[in-house]
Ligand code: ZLS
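Presented below, as structure tokens, is a lone chain in the form predicted alone.
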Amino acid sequence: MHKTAFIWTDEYYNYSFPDYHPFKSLRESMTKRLLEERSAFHFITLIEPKPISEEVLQLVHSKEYIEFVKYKSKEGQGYLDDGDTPAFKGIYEAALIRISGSVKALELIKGGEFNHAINIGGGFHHAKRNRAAGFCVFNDVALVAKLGENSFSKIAIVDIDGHHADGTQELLIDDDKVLKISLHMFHPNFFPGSGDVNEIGVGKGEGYTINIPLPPGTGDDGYLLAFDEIVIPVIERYKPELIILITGGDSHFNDPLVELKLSTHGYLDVVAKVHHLAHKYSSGRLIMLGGGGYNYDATARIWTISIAEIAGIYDLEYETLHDPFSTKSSKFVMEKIRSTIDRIKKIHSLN
């Protein structure tokens, strides 16, 4: 059993886009219900976040952009970007409390009372300094990393969302205190269009960005091969004092927006490996955030299983949430994955 906090407020429900938009807070409510049905909160502590100040938010976002979001929040119409992230009345407050939950997770880890803190309401890795993107208004991943630098000299971000963590990469591009690892689907015309292996950071941050672009059709076997061959040796070499895990559910084979083929079994293997690395190198300090995931049932099951693993309460009650099978990559896809692994190893001197 590990001392684990679950950051939650019912205000999270307010961050849910209208009409037929794929981002709905149903994912979070389904996850909480699955945990409650298994009495998880007898072992996991519920903690309510409080809104952070604008001053804290300005560590990663410009004052002009924050004012723009507040204006659109009052207006309640139009978009915060080029058409992916609609404005609605109250979106500023809805986004702020979600980001505040991730900051609260960091505060709990820093305080030492908890070694694991979970905010499934976070994981907004597309937001940039001056604009929203990909359903993300404010970037809590980069914010938590920047705040964490006050207490930890080496932080690792491991992002397994199906889309590239472009906002996080951009905001921390020259930061040598944060190792940024993103595993994501990559092919022409797929959002956000970045995340190839040659994007490695700039200035002091050169070498601290590691992108693992995966082809459509990547199953559990190919995904875990890339993870074992790249992520594990990189983390072992870096030895972070804190790990931030973004657990977007859109790498699942049933996700409507991404064409990766991870099953719940693959997700559990990855999360268990990250959990082990946190205890081996980071004194157990692990923050789990949410992210994407547009098949709500699959995402809720992924998050519930992952939380149980991190909290040390995974048992037969959670086994019932698994997909009935693991997934395999085709021979063609495996060849592409191996080629990508070889390129990454050469760039980052992992041979």
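Numbers follow the displayed sequence, beginning with 1. Predicted model only: the values in this text are computed from it and were never measured.
Unshown form predicted together with this ligand; subsequent notes refer to it.
- Item | Position in contact with this ligand when the complex is considered in the predicted bound form, options 144, 109, 136, 91, heavy atoms within 4.5 Å | Checking each option against this ligand in the predicted bound form, the one that comes within 4.5 Å is 136.
- Query: Among the candidate residues 272, 225, 232, 257, which is the single one with a non-hydrogen atom no more than 4.5 Å from this ligand in the predicted bound form?
  - Reply: So the residue touching this ligand in the predicted bound form, by this definition, is 257.
- Query: Hey, of 277-285, 67-75, 121-129, 100-108, which bit sits against this ligand in the predicted bound form at 4.5 Å between non-hydrogen atoms?
  - Reply: Residues of 121-129 come within 4.5 Å of the partner.
- Query: Is residue 199 a contact residue for this ligand in the predicted bound form, using a 4.5 Å heavy atom cut-off?
  - Reply: Heavy-atom contact with this ligand at 4.5 Å: absent for residue 199.
- Answer with yes or no whether residue 23 is in contact with this ligand in the predicted bound form, where contact means some heavy atom within 4.5 Å. Yes.
- Item | Exercise: residue 84 in contact with this ligand in the predicted bound form, heavy atom 4.5 Å | Taking the distances in the predicted bound form, the answer for residue 84 is yes, it comes within 4.5 Å of this ligand.
- Residue contact check: residue 261 to this ligand in the predicted bound form, 4.5 Å heavy atom: It does not: once this ligand is placed as it appears in the predicted bound form, residue 261 has no heavy atom within 4.5 Å of it.
- Can you tell me which bits of 265-295 touch this ligand in the predicted bound form, meaning any heavy atom within 4.5 Å? Result: 291, 292, 294.
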